[in-house]
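Structure 1 and structure 2, given next as structure tokens, are two forms of the same protein chain, each shown alone.
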Structure 1
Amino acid sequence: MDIVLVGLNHKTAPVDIRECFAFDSLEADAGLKELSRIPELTEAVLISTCNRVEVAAACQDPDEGVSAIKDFFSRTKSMPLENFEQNLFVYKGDEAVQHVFRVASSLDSMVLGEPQILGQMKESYRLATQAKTTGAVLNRLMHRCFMTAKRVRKETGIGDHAVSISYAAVELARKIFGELTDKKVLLIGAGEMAELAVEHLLNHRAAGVFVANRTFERAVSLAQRFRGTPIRLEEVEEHLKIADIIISSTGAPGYVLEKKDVKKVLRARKNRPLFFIDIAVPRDIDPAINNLSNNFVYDIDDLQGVIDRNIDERQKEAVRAERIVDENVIKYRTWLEGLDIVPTIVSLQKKLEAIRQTEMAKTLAHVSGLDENGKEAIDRLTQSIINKVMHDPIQFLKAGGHREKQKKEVLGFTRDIFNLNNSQNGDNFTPDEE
């Protein structure tokens, strides 16, 4: 049994290609049913997010498995293979396992360390188990990938340090104020990043929000969303006396707040810190405000600088994360190799037990006067003989008492001398848990 993985992601395919191969939940369910009908694949999981579409599969022949998955993509998305084959990546064996573990651990994400991918992987696995397209091989693979991702998150700092403008703003605010519990936020203008920053601040228990906008109706709408208070632009200067964090994101051609505006309220603020987050381009906040005592102005470039430094920190942590991934790839490979041996051991045990039962029945049919105690004694005797005879060969197979490259020959030889290929193959058995 081997594992293959075929897919495309943000590194190998532009968005106009990726969007052609996206699967929503209904399409994913249909896709899994289609995968289950492909004879070259014994198990499959379909992973589809905004940045990647991948199929991980268990198969007997890796080359046939890869071809079958490529054909699946082409057929289900009605696109000739030659139009997208150059965008595909293909992994086999350990590389496929390593890729799955790296994806779940957010080492392959567009934003290194982002946490959403693990939830998306779990949802993909849930759909696959619901469609019954997984078995012992991929069940173990996915459970180990979740465990690996959990270790990476717990033992490294790959998820620390803000890497988005909105989170970076919150991180800076916490450095200035410590706790944000009683801090008031003034939002000037609106924009996606500014609104996200307000949401994050409120999640960190900021005390309240004032919303000012060129269009007062828009201010009312946003204030309702944040359970805040709408104000007119003319009231901004007055609210500088009570606000602690100013987030500005207007489309104004010049400064919305200048140094002289802030200077007027310094006495009323009694030297309390005032933090300006200027997300607008052109800038809304006069950078000269930074020269006033306890006033801090960060524009979009300052925030991006914070993010760049944080990304460097995450990259350092990624080295430790890769080590955890590699360690778990080895553990999974060891388990998978054991899986090849189990059917042979089970078949051998079944065959010898069948022989024992048959010979016991023949013998007891010709023995008279034997009571139940006598029959049980013979049963235990024959069981003991079988167990002792089989002990060394089974231990040899389990312990890998042969070179890996000879494994197929050893298993084949064992099956040949005991004529196991015509016996029950023990497919319902899986190796012992680690």
Structure 2
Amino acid sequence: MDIVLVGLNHKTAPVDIRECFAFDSLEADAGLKELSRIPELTEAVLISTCNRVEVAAACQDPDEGVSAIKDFFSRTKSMPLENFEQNLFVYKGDEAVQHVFRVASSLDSMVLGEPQILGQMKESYRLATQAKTTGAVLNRLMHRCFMTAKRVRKETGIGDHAVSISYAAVELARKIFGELTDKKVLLIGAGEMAELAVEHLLNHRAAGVFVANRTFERAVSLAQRFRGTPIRLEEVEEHLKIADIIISSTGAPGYVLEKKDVKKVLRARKNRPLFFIDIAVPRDIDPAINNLSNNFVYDIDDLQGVIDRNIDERQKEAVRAERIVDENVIKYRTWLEGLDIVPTIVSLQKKLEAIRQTEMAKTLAHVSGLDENGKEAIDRLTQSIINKVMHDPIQFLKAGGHREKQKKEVLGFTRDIFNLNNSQNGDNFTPDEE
């Protein structure tokens, strides 16, 4: 039994190819049914997100498995293989396991450490179990990858510290204000980044939004979106007395707010802190305001600087995350190898035990005058002979010093000389979950 993985992601394929390959949940369901009909694959999971499409599968022969998956992609997406083969990555064995673990731990994501991928992996797995395309090998693989991802998130700082402008703004606001529950936001101007920041602040339970815009109609429609209050641009100064977080993103050539404007309201605010987020270029907020006590100004470059440092931090944490991944890959491999050996040992034990029971019954039927003690002694004697005989072969199988290929030979040889393949014993063996 071997694990293979074939797929493409944001690193190997441009967006137009990724678009063609994406499976929505309906298509994924059909795709899984298709996969389950491929004889070379014993188990399969299909992972499809906006940045990746991958099939992980368990199969008897890795090379056959890989070409079967490639063929599957080409057939379901009606695209000749040569059009996209150079975009595919192929992993086998440990590499495939490691890749799955890395993806779930967000080490392979476009934004390192982003949290959504784990949920998407879980959804992929859910679809696969619904379609009944997974078995012992991939079930274990997926459970292990979720566990690994959780451990990575818990034990490393890979998900800490914002890596987008809008989140960086929220993080800063929380460092200044603590809870945002009674804090009001004032949005001056409009723009995707500024609006996103407002949304995030509201998600962190900011108390309300004022929206000021050069055209009042625009202010009204934006305010409606955030359930806020539209105000005119001339009212901004007045609202500095109430607002706590000011996000500015106008196309104005000069400063919208100057130091003297802010100085005027400080007393009315009783020196409560003001946090200015200046996303505009050229800047809207006079940077000198940062020199006023309890006033904090961050412009777009400052925020970018914060993000750059945070990305560095995450990359440092990624090194630790890789260690956790590698550790779990080894654990998984150990289990997978045991999966091959254990059934062999179990059937060997069962076969010898069956022989012992039959011979015991035969012998005891012919011998008379044996009391319970004597019967027990014979039972123990035969038992220990079997144990002694089996000890070395089992040790040899378990030692695991053999390479993958040799291991198969060793296991095959063992099965042959004990004639285990013809017996029914151990065929429906299912390994226990840890």
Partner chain sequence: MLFVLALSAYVTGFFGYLGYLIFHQEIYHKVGHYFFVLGLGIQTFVLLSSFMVTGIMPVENLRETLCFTAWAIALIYVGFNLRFRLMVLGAFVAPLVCGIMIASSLFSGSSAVSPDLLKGVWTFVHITAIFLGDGAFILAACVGIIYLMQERAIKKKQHGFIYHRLPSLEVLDKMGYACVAFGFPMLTFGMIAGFIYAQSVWGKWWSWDPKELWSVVTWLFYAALLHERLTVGWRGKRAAVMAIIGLAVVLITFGVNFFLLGHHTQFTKF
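Quick note, the numbers are simply positions in structure 1, starting from 1. Note that the rigid core is defined as the largest set of C-alphas that superpose within 1.5 Å between two forms. Note that the coordinates shown come from a computational prediction; the quantities given were computed from them, not determined experimentally.
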Item to complete: Would you indicate whether the form predicted in complex with its partner chain is structure 1 or structure 2?
Response: 2
Worksheet item: Has the Cα of Glu27 moved 2 Å or more between structure 1 and structure 2, judged after a core fit?
Response: no
Worksheet item: Once the two forms are fit on the core, has Asn310 moved its CA by at least 2 Å between structure 1 and structure 2?
Response: no
Discussion item. I want to check Gln383: does it shift between structure 1 and structure 2 by 2 Å or more at the Cα, with the core superposed?
Written reply: yes
Worksheet item: Cα of Val367: shift between structure 1 and structure 2 in Å, core-fitted?
Response: 10.6
Discussion item. Rigid core superposed: how many angstrom does the CA of Ala288 shift between structure 1 and structure 2?
Written reply: 4.8
